[in-house]
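A single chain, nothing else alongside it, follows as structure tokens in the form predicted alone.
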């Protein structure tokens, strides 16, 4: 069977895109590897009508609603490769050698987070007490001792934003790149600057109680915000020849206003194609990508 559209990735962006295509009565196949980026968080916040709901429940509920449409197929798996089929469409190969054919592709596979080398305890606490987005999780730590780990190319001024939620320490981790003007702004916001290198995070299980520095000192802390270096969650965009731009956290798939990549017939949405990473924005971008893909079908007919 040749699908009208193949959506690679079944999280916020991919499911939102597939819903638009399903309602346009197109045959849609969604392939998802089952590892959404926000799976480590106990709850999502700030999402319209879903504040406090676990991300995995949000995804499961959305998938169930999507599968109520008879023209939708969902496959649990990973798309290993994809290429043009020479017939104005694409063929995708899944792990296990299964192949799928589709008229158009929508890439919504997200990104993978990279963590700083040499700091023990970061990965284990990611999404619980080591956090990315203050708008998603800052409120739950209001008034508590907060930290910010900023590494190039991210500006240290990010700590001034985090200070909105509680007393904040900026950890330079041995990279003393803060000039006098920025120091003055940080001081005015009540931000403490710690220049020492971090050895490890401490605390029971996934909770954070402090940051241990290489010189043995421990800075009491209950949440640490950081912007991890990201990379695409799949090599498909590169395989297909899509162009990338360098974002503030890593490479970003280049798309136009209609969410189409530089490869005709290939669209992209979600964290892999966005500078700002947020579940609400990913869903909105998915909606736009699904609508745009449908419009492209009509224009190409």
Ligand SMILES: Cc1cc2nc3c(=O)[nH]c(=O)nc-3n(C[C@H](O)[C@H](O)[C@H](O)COP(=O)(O)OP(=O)(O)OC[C@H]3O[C@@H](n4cnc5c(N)ncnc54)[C@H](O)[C@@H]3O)c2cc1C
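Computed from a predicted model, the values in this text were never measured in an experiment. Residue numbers count along the first chain shown, from 1.
A second form of this protein, the form predicted in complex with the named molecule, is not displayed here; the remarks below concern that form.
Proximity to the named molecule in the predicted bound form, defined as a heavy atom within 4.5 Å, singles out one entry of 225, 90, 126, 165, which is 126.
Only one segment in the set 195-203, 156-164, 107-115, 171-179 has any non-hydrogen atom within 4.5 angstroms of the named molecule in the predicted bound form, and it is 107-115.
Among heavy atoms of residue 243, none comes within 4.5 Å of the named molecule in the predicted bound form. For residue 21, no non-hydrogen atom is located within 4.5 Å of the named molecule in the predicted bound form, even though that partner is not displayed.
Remark: residue 31 counts among the residues lining the named molecule in the predicted bound form, judged by a heavy atom distance of 4.5 Å or less. Interface residue remark: residue 45 is counted as part of the site for the named molecule in the predicted bound form, having a heavy atom within 4.5 Å.
Scanning 56-80 for heavy atoms within 4.5 Å of the named molecule in the predicted bound form gives 77, 78, 79 in sequence order.
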